[in-house]
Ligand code: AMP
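Just one chain is shown here, as structure tokens, and it is the form predicted on its own.
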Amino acid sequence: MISVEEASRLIASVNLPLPAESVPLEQASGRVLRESLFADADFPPYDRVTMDGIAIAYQAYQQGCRAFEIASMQTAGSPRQKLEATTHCIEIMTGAIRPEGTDTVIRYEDLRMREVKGRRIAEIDPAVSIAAGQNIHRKGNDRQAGSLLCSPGIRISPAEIAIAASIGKSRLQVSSLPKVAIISTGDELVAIEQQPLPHQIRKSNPYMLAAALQEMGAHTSLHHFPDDAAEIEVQLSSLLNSKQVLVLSGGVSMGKADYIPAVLEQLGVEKLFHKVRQRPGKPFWFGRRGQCVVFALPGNPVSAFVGCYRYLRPWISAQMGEHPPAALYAELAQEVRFKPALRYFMQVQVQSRPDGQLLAQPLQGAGSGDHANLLRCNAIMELPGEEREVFEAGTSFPIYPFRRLA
């Protein structure tokens, strides 16, 4: 049996080649970027007006001019105009290019508009102070042409989509998505449409695991093995040859019908470890054969859930080339006692205090079979139970959120 740290190290040492692929921009959100994005022009590409109002030459204002005759109007998207006389102004709309001969924009709210003998006059409110260059977003202020905007390894959000569109990228290079087979085992499990007999339950782990991986974009398929070693060997052999990742739940402990470890080794899957000093999820088996990686998780639903969020999802994220996120910590809201010398993955409800600190309320449930307790929680907290038995309120430990913390 190995430590959580050693299990994490061995998992991280296994790499799965996921080549880049080109996808249309409208399909790229949520994918991991595999190319650098550079500005093809200055951001913004011209001096951009940020308020509706008038554009003036500040020199005229400095010399005491407070009323300007409107010479013309320029809207966003129209060609650049030129101010011929400094005692005049150009009526201007948000988003328009700064007219030549102007350097300052005064918003409508600071003006009084009037008409004198057919001429439109914009008069500045005497209570308002005007600063040179105000209300103009200068060319290249945000980014210079040629500058790096986005690096490979980020998960693409709507912000990156907007940037890519701005630089004319109709397609993006992203990581291809892994093909994952999710396998449940056990004769006690029946289809979700079926009415279980008194000694049976409906399958839930494969749907939970598929949902967790589909959130990351993985292509998943669902399979079920009966408690029959020969049948397991036939089906596993086929999946090892056709999938990149196998995720099993159940059949990995010490029971008479726990055939998975032996069958995997018979099929030539190299065992990297079996059993981790943790609760829940101790009988965790991990290995690989060629270009296929195998995560064999315990069948108890909370154990499988912890294995998925603590090990499986971070590993898949790394194979996609995504930059690892910074560790997230929260304070315990109350004291916790845990006697076994094992790493303890505790279910918690995390909330934010007014001072911004994340506070974790323990909600321990009735053990690794109580997946209904997960409905009350939004994260798993990792406690070093092999080092101590008492975890005081106010001390901080890593958390692994599985839903929004708000």
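Sequential numbering from 1, following the sequence displayed. All figures in this text were calculated on a predicted structure; none of them were measured in a lab.
We do not show the form predicted together with adenosine monophosphate, though everything after this point is about it.
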Do Ile201 and adenosine monophosphate come within 4.5 Å of each other in the predicted complex, heavy atoms counted?
yes
Contact with adenosine monophosphate in the predicted complex for Pro261, defined as at least one heavy atom pair within 4.5 Å: yes or no?
no
Against adenosine monophosphate in the predicted complex, would Ser253 count as a contact residue? Criterion: heavy atoms within 4.5 Å.
yes
Is there any non-hydrogen atom of Asn300 lying within 4.5 Å of adenosine monophosphate in the predicted complex?
yes
Using a 4.5 Å heavy atom cut-off, which stretch among 120-128, 181-189, 332-340, 92-100 contacts adenosine monophosphate in the predicted complex?
181-189
In the predicted complex: members of 205-230 within 4.5 Å of adenosine monophosphate, any heavy atom:
Asn205, Pro206
